[in-house]
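Only one chain is shown below, in structure tokens, and it's the form predicted alone.
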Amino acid sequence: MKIFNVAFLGAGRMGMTHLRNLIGVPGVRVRVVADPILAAAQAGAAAVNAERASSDIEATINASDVDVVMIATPTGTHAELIERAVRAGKPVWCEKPVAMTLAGTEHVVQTVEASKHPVMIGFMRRFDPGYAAAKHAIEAGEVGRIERFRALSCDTTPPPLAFIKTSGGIFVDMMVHDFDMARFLVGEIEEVSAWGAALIDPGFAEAGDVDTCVAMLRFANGAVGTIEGTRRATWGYDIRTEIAGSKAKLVVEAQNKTPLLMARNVGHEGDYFQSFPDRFETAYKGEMAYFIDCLQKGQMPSPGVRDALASLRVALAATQSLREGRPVKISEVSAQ
């Protein structure tokens, strides 16, 4: 088995989550962790016993002892770093999104496809055992013709308002995972109608965003769907997806973090996941292992930059629908 020397870029919250999940992935040696804040890079390097830490991102990408680049830097840097890495001739794994705008994402798609280097985008839910099993059941014909899709995504606590102001909005930042799942499990989306409100914190409205939302979907294959989301769930991280077809219904849900339900005093109790790092720990590890396995086999990994482009287009259509108060066809959304 070939050992791939990895340069990991970004050692913030998501970066540290991914670094911890890289431990034990076959065929990986984290050679260097880079972050503009050297102390963060050093902490990341210590976590995975990397050879070195650096605050020089460009030099890290171009280092001769680096085979693969993994990116978990702030969203606004993804596009430039992906392009730098593929121009340096290196395969890339990158946290979603590719870019905040359609034009920016399309430019990366062109650059990546011209380079012919493998680039994978971190839509980790595809690698969760529940969602993967649902995909298998659908492809095996066990569900029949899909008629309805429903998804619920509830974050435990809202992110800081400083983040909200630069996030692109709830549909682009948060619900894009559900749009990706809708495409992954059901098919392409043709039209979106969206509603939302700032019910948790008026600061969201001041930032031009909402903290609670609903979107209705019309799929190209005739199926219909709904997606609900909120930035706060006092009971814990709550992610559920349902696919109903002519033969069966699938429900993907991990209600209890600990597989224990205690019944007593004419009632019962259990626990919820706290947030995405623990709910999707298996998925995060799975996507990393899959990416490296694709490199071992010389295969192009998925989801790629075109998947990111398609899901972003849906998210932007939902954002437009929310602002204009009307249904928006995906075909209306184009680069400005």
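From 1 onward, residues are counted along the sequence shown. Quantities reported herein were computed from a predicted structural model and do not represent experimental measurements.
The following text describes the form predicted together with another copy of the chain, which does not appear among the structures shown.
Against another copy of the chain in the predicted bound form, the set P129, R232 and E253 is in full contact: each member has a heavy atom within 4.5 Å. The contact with another copy of the chain in the predicted bound form, taken as any heavy atom within 4.5 Å, belongs to E191 out of E106, D173, E83, E191. Between another copy of the chain and the residues A162, A133, A220, A114, the one pair within 4.5 Å by heavy atoms in the predicted bound form involves A133. Contact with another copy of the chain, judged by heavy atoms within 4.5 Å in the predicted bound form, is confined among 149 to 157, 97 to 105, 114 to 122, 71 to 79 to 149 to 157. For the chain shown alone, R279 is a contact residue for another copy of the chain in the predicted bound form, at least one non-hydrogen atom being within 4.5 angstroms. Residue contact check for A182: none of its heavy atoms lie within 4.5 Å of another copy of the chain in the predicted bound form. Using a 4.5 Å cutoff between non-hydrogen atoms, S167 does not count as a contact of another copy of the chain in the predicted bound form. Mapping the unseen interface onto this chain, G245 counts among the residues with a heavy atom inside 4.5 Å of another copy of the chain in the predicted bound form. Counting a residue when any of its non-hydrogen atoms is within 4.5 Å of another copy of the chain in the predicted bound form, the hits in 207 to 230 run T212, V214, A215, M216, L217, R218, G222, A223, V224, G225, T226, I227, E228, G229, T230.
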